[in-house]
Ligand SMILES: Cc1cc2nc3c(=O)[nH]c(=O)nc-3n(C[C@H](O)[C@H](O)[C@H](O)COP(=O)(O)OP(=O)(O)OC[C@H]3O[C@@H](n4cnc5c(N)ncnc54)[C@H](O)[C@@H]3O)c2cc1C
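What follows is a single chain, given as structure tokens, in the form predicted alone.
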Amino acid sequence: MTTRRTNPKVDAVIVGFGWAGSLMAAELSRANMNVVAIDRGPWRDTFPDTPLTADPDELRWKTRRELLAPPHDTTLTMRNTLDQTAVPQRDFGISELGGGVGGQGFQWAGMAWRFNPWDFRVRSETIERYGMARAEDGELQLQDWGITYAELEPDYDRWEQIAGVAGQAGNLRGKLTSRGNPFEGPRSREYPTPKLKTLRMMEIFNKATSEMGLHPFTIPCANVSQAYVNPLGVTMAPCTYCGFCSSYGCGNYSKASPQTCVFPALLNNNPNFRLITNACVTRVNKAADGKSVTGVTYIDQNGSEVLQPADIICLTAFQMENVRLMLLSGIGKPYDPLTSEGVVGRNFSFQTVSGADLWFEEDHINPFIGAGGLGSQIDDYNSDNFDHSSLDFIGGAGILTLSRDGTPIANANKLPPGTPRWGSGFKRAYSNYYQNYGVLFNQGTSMPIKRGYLDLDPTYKDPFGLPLLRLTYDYARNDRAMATFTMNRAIQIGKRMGASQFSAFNFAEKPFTTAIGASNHTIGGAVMGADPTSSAVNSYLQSWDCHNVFVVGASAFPNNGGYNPTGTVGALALRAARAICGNYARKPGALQKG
């Protein structure tokens, strides 16, 4: 580290330039604030990085993961229990972070969910329906979000409009439509573009689940189904079902990403905005009063330490890094798993995954046609959509099938148990089952536990000499029971679909590990709520301790729903930006009383 210098003061600094950061930067700069965004990664865009001629390169993007941040930039240490010694993760595992601006939003699959209304009031709803003993079983640490689905609905709607989400409503203003998901919360209007096409695997799933009395629907997907211009004036082209979405950019400008949906409006001729890349923020600088902050310190690409003064700091990095920056900066009381006191690091949760691989005979599923988030799902066994009175768990999973990923290299491992892995037997099997493979994936809820948390590792440090983040976590008994239940439902559905062979899987039946990428949906650590003794931020994601710090992302989720988190992250970012522009900028101070 060499020279120390100070940049001119700005109104707001954005730390991390993915979906949350770019949305907040766009909203704040539109309100005439001077905004600087700082991102650790390099500049990255559809052109020249992933144009149509380079986009479907499985070896480069899927196998070698060239769009991801290298593991040495995202290393954390992990242990299952307090009496273990945490060790560093040496590979990607669950850490599939974007390696440039746009973050994971550039190479994500594109499922564009809203959480169920129950997810926001898990504790209250559980007590009301099943009694206090179910909510407080000695292990779980349930808490409400301090906000309801209805309060967040306008921001869900705006995020979907910006992303051009394709889907079909199941609940319009409280009336079921019989065309979409009947279990979703009420929507104020239809999706901005119609749902994507129904492909062969979805046909099989829809027929079987309908015959079982269940309610299949097409997954809402951030791939526009027709030409579309979003509210920021950006034009998107209709999806061509090339199937190269998850782990890839989108050379067709059909998949929503910060690059496609936000950057053009934010970066073109905008004197209020400046982006600094290849710069790592190492701390948020507290003021002498300890109740506010004065800016951030970062290390630039030349190794120089730089101070960036600002009136407002928005931490919009990945969930883990948001929590680490709060701990490194002394903002909020660190969580103590022995007493359940403290708020920063509290309520880490994951995504509880189970399901089944399926193989059919003499069908033509055509996996090379698809889109990243395209598929069918049932929510009959998700959230609290079914009676848990006779069960020993709360929560559930969306059981879905996908029409994507016809990747010939990766799919060579998708063969029935017992199939030869080399030679003529392997070739015959792969030539048959490439066309006839499918999956039922249970994307399950994850409930927080008292001893699942994040703190600073006492031993291991990063290249700047700062402590790595330490994760202590294992699946809750509740989540193990839920995963077994939904896995058995997937087996029933697979049999009804006519699969000749199937192989069930349940990631929660073994101890949790960061080394196996069952999902990359990690949440919690700086959770939102109405009580400063159990939450790090209020419902506007404003720090209870430092009123000019906003911590935005999945770090704010007190528990995880049975859906991917991006839609909820986008909605919360827009809500926080609205609060800053509409209220905080005029009268700085706490937006809510604790």
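In this text, residue numbers run from 1 along the sequence as written. All values derive from a computational prediction rather than experimental measurement.
Another form exists, predicted together with the ligand; not displayed. Remarks below refer to it.
Residue contact check for V15: one or more of its heavy atoms lie within 4.5 Å of the ligand in the predicted bound form.
In the predicted bound form, at least one heavy atom of G41 sits within 4.5 Å of a heavy atom of the ligand. The ligand in the predicted bound form is not approached by A526, whose heavy atoms all lie more than 4.5 angstroms from it.
A residue is said to contact a partner when one of its heavy atoms sits within 4.5 Å of a partner heavy atom; W145 fails this definition for the ligand in the predicted bound form, lying far away. In summary, among the residues Q104, N436, T77, S376, the only one with a non-hydrogen atom within 4.5 Å of the ligand in the predicted bound form is Q104. The contact residue chosen from N564, S535, N548, S539 relative to the ligand in the predicted bound form is N564, the criterion being a non-hydrogen atom within 4.5 angstroms. Judged against the ligand in the predicted bound form with a 4.5 angstroms heavy atom cut-off, the residues V122, T177 and L214 are out of contact without exception.
Across the options 273-281, 206-214, 300-308, 428-436, residues that bring heavy atoms within 4.5 Å of the ligand in the predicted bound form belong to 273-281.
Taking a 4.5 Å heavy atom cutoff to the ligand in the predicted bound form, none of the residues in 126-150 make contact.
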